[in-house]
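One chain is shown next in structure tokens, namely the form predicted on its own.
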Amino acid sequence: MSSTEAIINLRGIRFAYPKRPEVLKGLDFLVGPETRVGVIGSNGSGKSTLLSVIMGLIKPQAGVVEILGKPRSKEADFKEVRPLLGFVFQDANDQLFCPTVADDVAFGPLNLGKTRAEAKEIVAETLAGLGLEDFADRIAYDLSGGEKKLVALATALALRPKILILDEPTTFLDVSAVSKLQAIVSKLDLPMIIVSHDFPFLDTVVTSRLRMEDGRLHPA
């Protein structure tokens, strides 16, 4: 894969939090349209920092962030592409804040300028694709952990992203919920970056693994 084909291309990324040692030490990461990669590593190794760099939530002290073929350094650069990155938070409660499931799933498309009719169609199509047809009028607050995770995934997919980025997707879920999420994610026709400690889950949904160690990514 050439860099021109990449969805995400990180080169020489360095980052340190104030008064702490470097977390990312010249990290390179190339993600293409066929990539389905799991990122593993110990707590504190830099996995969440990596995702924050990709999303533009923190700015590296050195290196280049390219997303969809363009360098991204300013907030305006990331604002342009965030909807296309399909990020799903580790805690679904951080992603769901509207009165109903339909409102949550429609929020992104409406913010991107879709009409209410267009957003309603997107909501119906997205929920149906996840087997959540009956969830539209349910109150997100009252859902189970596994149901909330699927709705959070729906909010990302409603934006028609170019890639899906999942941060510890199976955390807080019981075996049944993990199994359902696993079945759904494995069938999605999207490149993916999945940060997880859940090796059985990764083995089903990704095609390769990378290990975060000493501030860089290594084959795992």
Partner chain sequence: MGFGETRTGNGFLAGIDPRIKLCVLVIWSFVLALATGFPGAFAGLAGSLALAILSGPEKPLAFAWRLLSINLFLLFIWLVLPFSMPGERIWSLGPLTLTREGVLLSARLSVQAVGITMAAMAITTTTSVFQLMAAARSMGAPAKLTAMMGLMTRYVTVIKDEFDRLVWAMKIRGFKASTSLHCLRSFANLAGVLLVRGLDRGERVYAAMLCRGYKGRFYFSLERQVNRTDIITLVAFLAMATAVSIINVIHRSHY
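Numbering follows the first chain given and starts at 1. Predicted model only: the values in this text are computed from it and were never measured.
The form predicted together with the partner chain is left out here; the points below concern that form.
- Annotated contacts: Pro169, Ser196 and Ser208 are all free of the partner chain in the predicted bound form [non-hydrogen atom within 4.5 angstroms].
- With the partner omitted from this view, the residue of Val175, Ala183, Val64, Leu57 that lies near the partner chain in the predicted bound form is Leu57 [heavy atom within 4.5 Å].
- Remark: of stretches 65-73, 186-194, 152-160, 33-41, the one touching the partner chain in the predicted bound form is 152-160 (heavy atom within 4.5 Å).
- The partner chain is not drawn, but in the predicted bound form it has a heavy atom within 4.5 Å of Arg82.
- Among residues of the shown chain, Phe87 is one whose heavy atoms approach the partner chain to within 4.5 Å in the predicted bound form.
- Although the partner is absent here, Glu121 is not a contact residue: none of its heavy atoms lies within 4.5 angstroms of the partner chain in the predicted bound form.
- Although the partner is absent here, Ser144 is not a contact residue: none of its heavy atoms lies within 4.5 angstroms of the partner chain in the predicted bound form.
- For the stretch 90-114, the set of residues having any non-hydrogen atom within 4.5 angstroms of the partner chain in the predicted bound form comprises Asp91, Asn93, Asp94, Gln95, Leu96, Phe97, Cys98, Pro99, Asp103, Asp104, Phe107, Gly108, Leu110, Asn111, in sequence order.
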